[in-house]
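A lone chain, given as C-alpha cells: the form predicted on its own.
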Amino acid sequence: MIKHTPPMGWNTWNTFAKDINEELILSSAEDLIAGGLHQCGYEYVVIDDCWALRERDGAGRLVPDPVKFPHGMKYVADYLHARGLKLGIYSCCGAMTCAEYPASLNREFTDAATFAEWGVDFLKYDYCFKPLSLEGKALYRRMGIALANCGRDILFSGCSWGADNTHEWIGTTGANMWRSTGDIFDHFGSVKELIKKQYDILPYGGVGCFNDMDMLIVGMHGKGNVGLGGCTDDEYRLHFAAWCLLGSPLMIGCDIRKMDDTTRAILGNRELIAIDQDERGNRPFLFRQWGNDDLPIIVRILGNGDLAVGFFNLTDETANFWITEDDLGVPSFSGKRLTGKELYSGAPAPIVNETLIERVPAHQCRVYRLKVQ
C-alpha cells in the first residue's frame, strides 16, 4: 500500500484502554457516520490493545476475547465495511503487548494472515517487550514483509515512539506511518512537547510514511485513560491545527458518542483537514519567532500553490508574531501579493506592508491559508 495522505480515523486507547467491546466499536462507528466526521475523511476504526485472550489457540493464532467480541473480528470488519469504514487492530513486535497480551514476535506471518482473513485494514504495531538482543528495525521489517505477503492491503502503522533512531530506518520496513513521539496525554504540556519534538525530523515524514504525532486528545476534557486535567477548547484548537500543518495522521481519541458541538467543529474543520490531506504532500518548514522554540511559525506550500501559515503560541504570555511575504517566498519584486483568511475565525489575513502580523494570546494559534495573486 502507498498512502498518499495521512490516515484519519478513531482509536480506542486514549479514552477506553482495556474497557473495549463490540458494542462500543459498532456504536462509535455509527456516530462517526451520523455526526458527519466520516464525510470529513475519518474512516479507520482502530481497536487498540486488550482485544485478545491472554493465550493463543492450539494452532498458535490470536483469539479475540469472546466476552468483549462475541461475534469475532470478521463480524466487526464486515459491519464496518458495509458502512464504508475500515477496521484497524493492534499488535506489537515484542514478546507481549504493552498491556501484556500476546504479541507478534516470531508469529508475524501467522498474525498477518489472520488479520487478512478477518478483513483488517490497518495494523498499529507497538514496541513494548522488544527483546534486548534484537533490533527493532529487523522486527518491523519482518512484519512489513508478512503484511506484504498476506493477500490483503493492510496499512502498517509503526508505533516505536521514535526510539532507536526510528526516523533513520522506518522507511525500509514498509510502514505507512510512524510514531515520532512518546504517548500523548490530555494536558497542554504534552501537546507542546510533541510539537517541539517534530522540529528536527520534519524531513523524514511525507507521502508513503507519515510522521505520526500520536492520537488526538481534542474533546477529552480530562476524562478517560490519558486524561490528565484536560485542555481548554483554545488549546484543543491549537493542538488540532498543529497536527494538520505538520501533516500528522488524525486519529480521534475522545468518546465520539459524547462529543459536544465545539469538539465536533474542531475535528470537522474541513479547511484545516484539507491542509493535512493535501495530496502534494510537501513537507512543512519552520521559523522560530524571536528565535524562541515556543513560538513556532509552521508553513506548508500546498498543491495548488497556496500557502498554509500557522502562528503557534506555546508560551504562557501573549506574543507578537510576524512574517514577511519575502520569508514566504513571495518577494516584492515578483509583482505578487498574498491574500487569504484565518481558518478558525474566517477573518481576513492581517497583511500590512508585505508582512503577516498578529498578536496571539497564550496557548492559542492563528492559521491562515494564503493565495498568491
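Please read all numbers here as calculations on a predicted model, not as lab measurements. One-based numbering along the sequence shown.
There is also a form predicted in complex with alpha-D-galactopyranose; it is not shown, and the following applies to it.
- Among residues of the shown chain, Tyr90 is one whose heavy atoms approach alpha-D-galactopyranose to within 4.5 Å in the predicted bound form.
- Of the heavy atoms in Tyr75, none are within 4.5 Å of alpha-D-galactopyranose in the predicted bound form.
- Proximity of Glu325 to alpha-D-galactopyranose in the predicted bound form falls outside the 4.5 Å heavy atom cutoff.
- Contact check for Arg300: no non-hydrogen atom falls within 4.5 Å of alpha-D-galactopyranose in the predicted bound form.
- Note that among 188 to 196, 252 to 260, 268 to 276, 155 to 163, the stretch whose heavy atoms approach alpha-D-galactopyranose to within 4.5 Å in the predicted bound form is 155 to 163.
- With the partner omitted from this view, the residue of Ala241, Cys231, Val120, Met215 that lies near alpha-D-galactopyranose in the predicted bound form is Met215 [heavy atom within 4.5 Å].
- In terms of contact with alpha-D-galactopyranose in the predicted bound form, the residue from Cys150, Leu85, Leu139, Cys98 that brings a heavy atom within 4.5 Å is Cys98.
- In the predicted bound form, every residue of the candidate spot (Trp13, Asp49 and Lys124) has a heavy atom lying within 4.5 Å of alpha-D-galactopyranose.
- Residues of 176 to 208 lying near alpha-D-galactopyranose in the predicted bound form, listed in sequence order, are Arg179, Asp183, the criterion being any heavy atom within 4.5 Å.
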